[in-house]
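Next up: just one chain, as structure tokens, the form predicted on its own.
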Amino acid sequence: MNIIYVKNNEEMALKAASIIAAQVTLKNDCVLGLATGGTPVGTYANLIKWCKEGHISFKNVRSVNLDEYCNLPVTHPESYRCFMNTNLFDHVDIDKANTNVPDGLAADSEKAAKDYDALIDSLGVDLQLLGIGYNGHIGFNEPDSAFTMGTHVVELTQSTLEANARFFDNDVSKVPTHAITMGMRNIMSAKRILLIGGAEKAEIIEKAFFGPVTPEVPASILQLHKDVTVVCVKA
């Protein structure tokens, strides 16, 4: 495990973008596991800038996203498909046919989950980008009594609903209560993992990477991965 401490969010975004850009440069048809939320926005902005300047190309890159809200139309501005289009895909030369987000609208969520597992297994993720929730969740894998291995539908905890309310006019009642998310096996199968977090996440990052491995702190399982880089703002 490699922990890189930075001074502020701008430096964190720059460092994370540099790691992703290096992956794309070394393997131009790599598979990127991507994340949403407020934390990676700056990282994506740097990647957009470098792509427009001609330093990197996403032409042959494929991607799989961690998660998606259930029962939220993909055209909704807070759907994660819309988020990815707005914050990355619309501004780089990636083929959107090569980008994948879990199906939060599927009538048969169990089949949708199995199909996403099969997709991830067939592609193989070269680098998985992660944020971390205040309760230690990665993707939407919430604290639990056991680690859930495959893609699955999860009921979001109250703390997660409250944390995401800022994207829904600060109204918790507007936040979808369920999401479909990669499971721990999916995340841990990535060849490399990059986790980023601001100063406000310092406490949970310390708990996740220096405490016991427990499903009560989902991100703690990353201690068992052979190639994890954490870029975090020093509190």
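All of these numbers come straight from a predicted model, not from anything done at the bench. Residue numbers run from 1 along the displayed sequence.
FYI, the form predicted in complex with a small molecule isn't displayed, but the following is about it.
Proximity to the small molecule in the model of the complex, defined as a heavy atom within 4.5 Å, holds among Arg166, Lys174, Lys49, Lys59 only for Arg166. Comment: 66 to 74 is the region of 50 to 58, 206 to 214, 66 to 74, 22 to 30 lying near the small molecule in the model of the complex, near meaning a non-hydrogen atom within 4.5 Å. Residue contact with the small molecule in the model of the complex: Gly133 places a heavy atom within 4.5 Å of it. In the model of the complex, the small molecule lies farther than 4.5 Å from every heavy atom of Phe89. Contact check for Asn186: no non-hydrogen atom falls within 4.5 Å of the small molecule in the model of the complex. At a distance threshold of 4.5 angstroms between non-hydrogen atoms, Thr36 is in contact with the small molecule in the model of the complex.
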